[in-house]
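For reference, the chain that follows is the form predicted on its own, supplied as structure tokens.
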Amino acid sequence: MRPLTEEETKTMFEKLSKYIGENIKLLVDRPDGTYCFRLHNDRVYYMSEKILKLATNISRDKLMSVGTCFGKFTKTKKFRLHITALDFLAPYAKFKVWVKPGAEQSFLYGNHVLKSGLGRITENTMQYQGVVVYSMADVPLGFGVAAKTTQECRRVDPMSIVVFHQADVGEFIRNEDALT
């Protein structure tokens, strides 16, 4: 387990800023202690420094994971967020989308959000902006990318895609072997 390089940190923070903006500072400088990001087997983990110190007692080849997996770097050095980061993205999300109860299951099976399933959307959401998807009961279901602006969502036909699916909590069941 090692600290991220400047390039890796920049790539990861650019991806996170699509979803939570300048609230990234709140992830690192928390009132309950200092938290950090570490890289292990191309995956980025988020943990407190106390946990980090305890993890140094375990050899790298024996260590499976530590902390919360935020995502992984692909072979082309792009950063991909995992669903395990949702608990940290949801409270700080700048742009949110709420889906109707009938569209929840479709989203949880990995489908995009259609206009017919859109309940609400944060005002002034830009196209290709990262959004956190909620149920109408304010339960975070996953995250995605806005396919249309807020204004375009008002006048498109009901079968148009308004949010591109990125990750959802249904992945815990569908891909449980791949998530670490």
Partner chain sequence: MAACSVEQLLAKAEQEEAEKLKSVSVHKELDLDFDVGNLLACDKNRVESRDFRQQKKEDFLRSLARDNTQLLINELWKLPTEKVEEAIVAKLPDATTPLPREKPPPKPRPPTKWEQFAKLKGIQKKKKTNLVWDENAKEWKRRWGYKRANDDTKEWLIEVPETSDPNEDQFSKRVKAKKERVAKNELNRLRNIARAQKVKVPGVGLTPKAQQSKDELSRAVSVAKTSTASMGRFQDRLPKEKAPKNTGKKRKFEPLIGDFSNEKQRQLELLKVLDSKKPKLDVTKAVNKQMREDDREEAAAKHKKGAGKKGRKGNMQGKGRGKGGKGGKGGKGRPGGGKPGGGRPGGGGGGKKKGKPGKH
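Owing to the predicted nature of the structure, the values given are computational and were not obtained by experimental measurement. Positions refer to the first chain, counted from 1.
This next part talks about the form predicted together with the partner chain, which is not shown.
Interface residue remark: E14 is counted as part of the site for the partner chain in the model of the complex, having a heavy atom within 4.5 Å. T9 belongs to the set of residues with a heavy atom inside 4.5 Å of the partner chain in the model of the complex. Contact between V28 and the partner chain in the model of the complex is found at the 4.5 Å heavy atom cutoff.
Contact annotation: T56 falls within 4.5 Å of the partner chain in the model of the complex, judged by heavy atom distances. T149 is the sole member of N41, S116, N111, T149 with a non-hydrogen atom within 4.5 Å of the partner chain in the model of the complex.
Interface residues of 17 to 45, taken as those with a heavy atom within 4.5 Å of the partner chain in the model of the complex (partner not displayed): E22, I24, K25, V28, D29, T34, C36, F37, R38, in sequence order.
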